[in-house]
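Take a look at this single chain, the form predicted alone, given in C-alpha cells.
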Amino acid sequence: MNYDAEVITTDVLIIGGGSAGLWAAKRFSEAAPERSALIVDKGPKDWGGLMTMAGGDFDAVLPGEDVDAWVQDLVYYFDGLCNQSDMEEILRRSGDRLRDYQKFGCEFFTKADGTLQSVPQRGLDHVRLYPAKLKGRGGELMVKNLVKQLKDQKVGRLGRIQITELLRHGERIAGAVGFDTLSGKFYVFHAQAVILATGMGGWKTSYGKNTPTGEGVALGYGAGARLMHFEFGRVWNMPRYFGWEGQTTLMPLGGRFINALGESFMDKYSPILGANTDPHYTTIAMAMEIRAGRGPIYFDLSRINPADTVLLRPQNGWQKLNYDKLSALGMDLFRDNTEWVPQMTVSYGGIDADIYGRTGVPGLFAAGTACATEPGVYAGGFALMTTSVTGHLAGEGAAAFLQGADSLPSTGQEAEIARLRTEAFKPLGQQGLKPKEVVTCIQRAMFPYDVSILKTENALLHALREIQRIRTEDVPRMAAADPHYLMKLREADAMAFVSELYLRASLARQETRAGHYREDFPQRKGEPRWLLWSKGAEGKPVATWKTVPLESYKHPVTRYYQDNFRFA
C-alpha cells in the first residue's frame, strides 16, 4: 500500500458531503467566487451522506406565513430549550431553500390548485412538511441536483477520505489531515477555514444510520469547541422487518400504534394528541406497554384514506426494495398490521455554534446536525430544512471570516504533520481487537431501555462504568488490517466518546424535558437550561449549565409539550 502524502491547499475545507456540506460549499462559492472550496467525505464521492437515504420531505415557512407562530410552536415543542433568535433566522430562510430545490428540479406534491400539499406535524398548529413527489428517492434527487450546482461552480470534491485531526496555526484552525480509506494514501489539507458538516454521532443501528458516528463532533471538541444537547438521543419507531421512511406522514393521516390487545395505547398516555405525536414520546409508551406484558407493538394503517397512499407508496430506491421484500414475505404495510420496535439511532449532541456556524475557535465553523440545533424531539422534514439552512449560513459565515482574516502560510507544520501521520497509521497491521467487537460492546451498554428510553440513575451509572472501561481498555487495543478497517476504528473511537457524553449528560439532567425521560425524575424542574460541555484538564469533559435567556427573547415559555403526556 502507498502511504505517500498528498498535499492539497484550499481556502475553505468542508468536512462532510451531506446536505449541510453541499449547501455550505454552494453558498461559500457564491459569496467568495474568487476563493476555492473543497469537500471531503469518508463515503463515496458525491454520495450525499444521510440525505441520500432521506425521503425528501421538507419543512418550510412559505411566503405569507407567520414565522413567529412557527417559532412559538417550536418553543412549546422543545419544552423551552429553543434558541429563539437562531430558530427564527433558520425559519425565515427555509422557504428560500425549498424554492431552490424546486428550481433545481426537485418536485413536491401539489394540490389541485397547484399550491404545495402539506402534512401537519406532531399536533403542532403551524409546523408542517411538504412531501417529496418521488417517494423513496427524494433525498437522492436532492443530492444529484446540488452536486450539479457545485460542478458548475467548480467546487472540489473528494470521497473515501477519513479526516483524523485538525491542523492549527497558533490559535487558528488551518486545515486537517486524513487518509484514503481504500489506498491508505495520507492527505494533508491546508486551509484558511474549516467547516465541520459531518453530522451527529450514532450507534450504527439501521439502514440509514450506519455512518454517523461522531468523528466531526469529536474533532470540534478536541479543537476546543463547546458541545451541547448530549443528553438527547433519537429513539425512533422502526419496523422489525426492513427499514421504512414515512411514519412522519403516516401518523397525521391516521396511522397509529396498537398493542397486542389491539388498543391504540397513545390515547391513554396522551388523550390530547393521541397517536399523532413525537416518536420519542411514543417509544416511551411502547417501552411501558411491552414492560407491562402488552407487547408486541403493531402499526395500524387501516384508518388512512386510500386516496392518501399516493403520498406514501415508494416508487423507487431503497424503500421500494424493502417494500418488495415485505411483499415477498406476504406482508403489505398498507394492508396488514406490521410489528414495530423502538430503536436508538443517533445522538442529538453537537457543537455549540452561532447562526453563522462560528464555534468560538478561530477559523472553525460547524453546520447541519454537527451543530446542536434541536433538543431531543423531531418533526418530519426538519433535518433537511435545518441542514440546508445552517449549511448555507456557515458557507456565508466562512466567506465573511476570510474577508477580514490574514492569510495563513502552508508551511511550518511539518513536524506536527509527521507526528499525526505516525499516530494515524499506528494501529495498522497490529494484533488487537477488531473495531466491530468494540462497537458491539458499546451497543450492549447503550441499548437497554433503562439507559436509552426510560432512563434511571442506576442503569446510567452501570452503562457509564462500562463505556469508561471500553474507552480506557478496549479502544487503545483496537487494530486494523487495512485502511478500510482503520476508518472503522476511528468510528468506534468516536462512538465511545459520544456514548460517554450521552451518559454523563443524562445523569446530570435530573428532570424530564423534551425527548429526555428520567423515570426516577419524571417531572420538569425550574426554568429551561442548556447543558454545555467543554474540554477540561487531560481532555476530560466539564459540564456547565446555561439558563435559556428568555429575557432577551421575543416569546415567553407558557406551554410545554411534555404536559400532554401521562407517563408517571
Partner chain sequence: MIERIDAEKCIGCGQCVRLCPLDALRLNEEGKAYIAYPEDCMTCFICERACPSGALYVHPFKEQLPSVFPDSDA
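Numbering follows the first chain given and starts at 1. All of these numbers come straight from a predicted model, not from anything done at the bench.
There is another form of the same protein, the form predicted together with its partner chain; it is not shown, and what comes next is about it.
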> Is its partner chain close enough to 181, 211 and 325 in the model of the complex that each of the three has a heavy atom within 4.5 Å of it?
Replying inline: yes
> For the chain shown here without its partner, which stretch in 191 to 199, 379 to 387, 433 to 441, 70 to 78 has non-hydrogen atoms within 4.5 angstroms of its partner chain in the model of the complex?
Replying inline: 433 to 441
>> Just checking whether residue 405 would be counted as a contact of its partner chain in the model of the complex - the rule being heavy atoms within 4.5 angstroms.
In response: no
>> Does any part of residue 158 reach within 4.5 Å of its partner chain in the model of the complex? Heavy atoms only, please.
In response: no
>> How about residue 186 - does it come within 4.5 Å of its partner chain in the model of the complex, if we only consider non-hydrogen atoms?
In response: no
>> in the model of the complex, is there a heavy atom of its partner chain that lies within 4.5 Å of any heavy atom of residue 482, even though the partner is absent here?
In response: yes
> With its partner chain left out of view, which of 118, 149, 205, 413 would have a heavy atom within 4.5 Å of it in the model of the complex?
Replying inline: 205
>> Please tell me which of 465, 477, 419, 240 lies within 4.5 Å of its partner chain in the model of the complex, judged by heavy atoms.
In response: 240
> Are there residues in 327 to 342 with a heavy atom within 4.5 Å of its partner chain in the model of the complex, and which are they, in order?
Replying inline: 329, 331, 341, 342
